[in-house]
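What follows is a single chain, given as structure tokens, in the form predicted on its own.
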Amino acid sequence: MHFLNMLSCDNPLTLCAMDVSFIQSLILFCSLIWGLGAQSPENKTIPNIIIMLMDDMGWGDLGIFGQPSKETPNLDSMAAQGMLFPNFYSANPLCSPSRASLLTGRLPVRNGFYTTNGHARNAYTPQEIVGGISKDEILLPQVLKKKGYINKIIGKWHLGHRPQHLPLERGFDEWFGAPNCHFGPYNNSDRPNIPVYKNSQMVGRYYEEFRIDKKTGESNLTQIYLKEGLDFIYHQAMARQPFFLYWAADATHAPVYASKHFLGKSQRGRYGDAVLEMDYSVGQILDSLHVLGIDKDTFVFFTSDNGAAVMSGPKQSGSNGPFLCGKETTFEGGMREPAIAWWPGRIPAGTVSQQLGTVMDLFSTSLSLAGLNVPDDRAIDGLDLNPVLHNNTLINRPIFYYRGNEMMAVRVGPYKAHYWTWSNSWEEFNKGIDFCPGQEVAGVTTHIQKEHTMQPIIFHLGRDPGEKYPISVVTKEYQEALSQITPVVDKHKQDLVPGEPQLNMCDMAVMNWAPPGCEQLRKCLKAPKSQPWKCDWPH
């Protein structure tokens, strides 16, 4: 038996929670014994690709972006060794649509990850959602397979939990993680606990085999996900096989958690503990690439799926730095993300790019790195950032801010124009749900959907990153900015062909009652009778 097989996650609550430094030592030992070292050019013509996607992590959570506690030394070092993107965006202010866009290179309104049940409503994939990523969409791992990549996702999928939507049906070869958020615990009567999968089979459920103590915040999940990542990298390096690792750990999503070693260590409280452990994990993964001699053959990108969930309060959410509001909104705090590209010897160290980027660019950029073309039978919104990465070139492009089926705002250069404003409804706000705590801006953070299409609200994000001071409509600057923005918006709307919405219907019968593999674990639950309804999306 190969010795790393002893480190499998068959018993995740014990073995996988071991000190990962032991695994690193074993990796080093093996690389020395077998002389792995750097791979020769004839065996390595295309790079490995690692995308690290955090969950609800804010732009202001990194020391490199000014977080005063300075508790992200590994991410700060990653930025010092690579390229920092201060102007990088998610494709949506909510998790599921943003993740769908990363893997398809397309806006949610194109790939179907939106709803038409209400105007400008955020939608995602809770357990009761009927839909998932459309079979007509082409995902990044499906294309990478053409060049022999082995693809693994670790952590949260969130693109549909029914069997036909799961990762191994959409181009991934391996998976360890869950299809939904780690909400719970549930009583398995009204609602089942979320399953955790190893490849195509359930191996337990959150709050059962995979414990999360909501009272103390303790969970070993991040260590499990780290071990899975290190194990995968090691095996592909030994096989000299190009790989794509999508590492989507979710400890920074409420309810936030950290392993015992990290609990109570941050000046920022429990959320900071989770960030500390994420930072540590990033450092371990980058160190493993060095040890295995494949760091110069591996492109790594770190970012987040949307802004910090400031409505959850400081104990359960992060910081969006100087930006307005947070998750669920199309203000800067909802969609501006921390972003770092790392590739020793290929990306100039210590560089800062002012390029406007989005998670959709990771689709096009990854395919270009692999020597592949993007699909030519559909609109692709992601750009190939290779000229930026290698030469710090600036590519002129707009950023579109969508909420559900509505384009709320657009950024062209330093100017951002709001065509609609909305934080959340008065009804939700009066329940204590505040998407912009302490940041109300009159006429901007509105609690009704307010249209501004005849006279957009325009901000200069260089001077005013917090979107507090709209440019006066009577100024020459406003008119010149509007003259640049209007044709961009007109062309976008003229060319837009919305996809079939996948997030309209809900049904209690489709929840995770009996996932594949439940029989062996005796974890199958009886589903209720199917009674579909139109999902209600309040935000």
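The numbering used is simple: start at 1 and walk along the sequence shown. As the structure is a computational prediction, the values presented were derived from the model and not from experiment.
The same protein has a further form, the form predicted in complex with another copy of the chain, not shown here; the description that follows concerns it.
- Within 4.5 Å of another copy of the chain in the predicted complex, a heavy atom is found for not a single one of K145, P163 and N199.
- In the predicted complex, another copy of the chain sits beyond 4.5 Å of every heavy atom of Y225.
- Put simply, F65 is close to another copy of the chain in the predicted complex: some heavy atom of it is within 4.5 Å.
- Proximity of R268 to another copy of the chain in the predicted complex falls within the 4.5 Å heavy atom cutoff.
- By the criterion of a heavy atom within 4.5 Å, G432 is excluded from the residues contacting another copy of the chain in the predicted complex.
- Contact annotation: another copy of the chain lies within 4.5 Å of heavy atoms from the stretch 351 to 359 in the predicted complex, the single such stretch among 248 to 256, 287 to 295, 416 to 424, 351 to 359.
- Interface residue among Y206, F176, F400, F323, judged by heavy atoms within 4.5 Å of another copy of the chain in the predicted complex: F323.
- When another copy of the chain is considered in the predicted complex, only one residue from G171, P314, P126, G283 comes within 4.5 Å through any heavy atom, namely P314.
- Scanning 435 to 454 for heavy atoms within 4.5 Å of another copy of the chain in the predicted complex gives P437, G438, Q439, E440, V441 in sequence order.
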